[in-house]
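The chain below stands alone and is given in structure tokens; this is the form predicted on its own.
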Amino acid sequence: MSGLRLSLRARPPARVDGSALLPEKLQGQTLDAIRRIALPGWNEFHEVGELFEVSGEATDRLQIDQLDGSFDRLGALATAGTLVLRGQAGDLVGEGLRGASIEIEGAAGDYLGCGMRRGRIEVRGNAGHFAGSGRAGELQGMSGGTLLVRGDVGDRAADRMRRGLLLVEGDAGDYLASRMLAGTVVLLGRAAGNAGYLMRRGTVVLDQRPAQMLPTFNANGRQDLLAIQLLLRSLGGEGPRFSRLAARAGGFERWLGDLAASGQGELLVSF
């Protein structure tokens, strides 16, 4: 496929801020100009040409290969275009995303999609802690868009989530949807302890019962909610596992909480 391609050839001596590597910023530039772009590291700058083999044509599609986890904030604040990351993406991928599409053919670090507003991020592997959340000290996390993780997520996924859709095919660590303000989470694997801790509003759909249910959630009986059926049917295009969940959903055990907060959130456990 046409587009610009960067292939890592030299591991930087320290972590590097890769937020300048956006299709919308590079589009139309010459390859020589792109090679001269300076990326900030710990206490020095690194030119793109020192770290990457640069080839192709700068269009609205950028592919970065051979990533080893050294580059943070890839795709941060992107508004347009497609960014394809292959290998081990670093932390803060897609931070504050505003409309672009990010595809990660590998794994992602911590704070994936933190504070994202619009757009889409899809990870073929696992993601670290705080996926779809906000950075430390921020009052809200993800507030729009779609974040899809085909593998597992770490602790505190969807922490302070405000809007949007988080889809996880694998398992989730502790404190899933902690302090959640609104939005929707669908988890096909198993949630560890304290799911929904201090959540105020929002919906968490669980295909499996959590390892531990907080005592501040009240059982609200078996529900067969049309809104959830429609949501799950709309996810059929995200893969066969989501299609199977929609096909066999015969109702949910509904738990309301967290009563230690406003108590208007809901955990829906599939039968």
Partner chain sequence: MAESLTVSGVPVENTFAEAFGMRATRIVITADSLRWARAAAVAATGFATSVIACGCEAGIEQELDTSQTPDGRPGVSILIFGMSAKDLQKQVERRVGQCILTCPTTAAFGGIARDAAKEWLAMGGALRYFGDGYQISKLVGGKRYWRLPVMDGEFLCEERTATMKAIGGGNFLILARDRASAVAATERAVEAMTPLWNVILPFPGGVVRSGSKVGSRYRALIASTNDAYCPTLVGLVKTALPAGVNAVLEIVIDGLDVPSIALAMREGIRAACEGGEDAGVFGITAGNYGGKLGPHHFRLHEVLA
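Residue numbers count along the first chain shown, from 1. Fair warning: this is a prediction, and the values are worked out from it, not measured in the lab.
Beyond what is shown, the protein has a form predicted together with its partner chain; the following relates to that form.
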Please state whether all three residues 29, 79 and 119 have a non-hydrogen atom within 4.5 angstroms of its partner chain in the predicted bound form. no
Check each of 59, 66, 55, 234 and return the one that places a heavy atom within 4.5 angstroms of its partner chain in the predicted bound form. 234
Would residue 163 sit within 4.5 Å of its partner chain in the predicted bound form, counting heavy atoms only? yes
Is residue 126 part of the interface with its partner chain in the predicted bound form - any heavy atom within 4.5 Å? no
Residue 101 versus its partner chain, in the predicted bound form: is there a non-hydrogen atom within 4.5 Å? no
Give a yes/no on whether residue 225 approaches its partner chain to within 4.5 Å in the predicted bound form, heavy atoms considered. yes
Would you mind checking 60 to 78 for residues with a heavy atom within 4.5 Å of its partner chain in the predicted bound form? none
